[in-house]
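Quick heads-up: it's one chain on its own, the form predicted on its own, in structure tokens.
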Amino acid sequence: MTRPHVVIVGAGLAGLTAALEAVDHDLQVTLLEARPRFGGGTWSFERKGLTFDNGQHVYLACCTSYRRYLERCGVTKSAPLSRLSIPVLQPRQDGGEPTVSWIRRSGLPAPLHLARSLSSYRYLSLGERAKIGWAALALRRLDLFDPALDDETFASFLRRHGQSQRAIDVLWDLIALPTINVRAEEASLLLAAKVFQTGLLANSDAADIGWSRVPLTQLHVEPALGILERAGASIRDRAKVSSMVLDDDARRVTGVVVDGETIDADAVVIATNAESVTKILPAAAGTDREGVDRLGSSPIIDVHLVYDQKVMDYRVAAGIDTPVQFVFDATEASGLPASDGQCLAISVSGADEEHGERPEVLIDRYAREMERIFPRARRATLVDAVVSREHHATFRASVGSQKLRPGVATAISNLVLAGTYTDTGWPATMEGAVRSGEQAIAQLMTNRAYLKGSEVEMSQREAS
């Protein structure tokens, strides 16, 4: 028999993962992407001889599925992990060098690995620091399978455990906002608990941090497409799927329609974002499409600044009492020679207000803020600046969001879903995207849903 043919709709990180998993299971793959570029929410673009990523994406040591993806693509050295050690900067009123306090781990077992760092965290009073441990231990004891956690905000939980508004703003949100993409005041306690338990409170090295030293297209897309091409996969961009083709009793999907052309399929993986999936998902799939729509979205913007000289000595830094949340030294990834200056990427999560503002307004605001944080920026020349936006970067991880996330399986046996909005147990991160792609193919392989009726009967006879 010929190899079963799986059509994967969407070539973001979830779709690329599903495609790699499918060829590893000896399935024939057709990968379709509606846009003229691959990579989904992790893509790169060129401007004036430099390369910029649409956003600064990081991962932690606990992101085991994402790390497998990097290993499968042979690019682990391009996105190395570093021991957790992040300077948190506060601009000074007198315009001098910023105040610095560090969040770093020691070699002690979790959660003691953070004790020394947090006990000296200078942006909180001694009393506020003393109460951090109480909240952390309570967070560690939460049952991540308790659905009631999705009914409370993270901020409400923190207040119940003695955390001041200042502590929420300059400590807890420092971690929650870039990982969940909404502030603690809105975030589901369930997702926040997942982040803190898995990333900070379970293992001492779980929060060791890594990010790409090359453009994301070079990290995620080009190696994966090379593997797929060598495996004989068909890969098409500008191929927008308008609908699914079902058999007469709507129990199986038999193909997809692209620009009026029907592509036959033994199974289909829809690996688009939540905003797109409800437009092509058939009612017979049984997925709550209205629920997926109600998930909503949360934006992220990045402001990329290119200076004619070095203005920041850190590879990454966080900010408090400033709009600058996190800033990364992207000089190496951009292709800018260090002797020619420095390229910095400012990442702004939960950017509900900023995402609708004009680029020149954002560039002016964040360039001025950089001068407040890094005095050397006042003497440097801003050579270039560009704003990148992801209006629907993640699903909105607010209270009740977990109940709206569908599983990868649908009522149509050979139609599965993939994407960060699906119920992976993780927030909308690169880890969540990869896990969803893995789970989608695992679902097809478990029930052999890609087999046609006669082949199912043959398979069942062989098994018995």
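Note that residue numbering begins at 1 and tracks the sequence as displayed. The structure displayed is predicted, hence computed values, not measured ones.
This next part talks about the form predicted together with a small molecule, which is not shown.
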> Looking at the small molecule in the model of the complex, is some heavy atom of each of Asp173, Val327 and Gly350 within 4.5 Å of it?
Replying inline: no
> Counting only non-hydrogen atoms and a 4.5 angstroms cut-off, does Val58 reach the small molecule in the model of the complex?
Replying inline: yes
> Do Glu390 and the small molecule come within 4.5 Å of each other in the model of the complex, heavy atoms counted?
Replying inline: yes
>> Can you work out whether Ile300 and the small molecule are in contact in the model of the complex, taking contact to mean some heavy atom pair no more than 4.5 Å apart?
In response: yes
>> If we define contact as a non-hydrogen atom of the residue within 4.5 angstroms of the partner, is Ala34 a contact of the small molecule in the model of the complex?
In response: yes
> Of the residues Asn414, Thr429, Ser401, Thr424, which one places a heavy atom within 4.5 Å of the small molecule in the model of the complex?
Replying inline: Thr429
> Just one stretch in 115 to 123, 151 to 159, 233 to 241, 72 to 80 has heavy atoms within 4.5 Å of the small molecule in the model of the complex, so which one is it?
Replying inline: 233 to 241
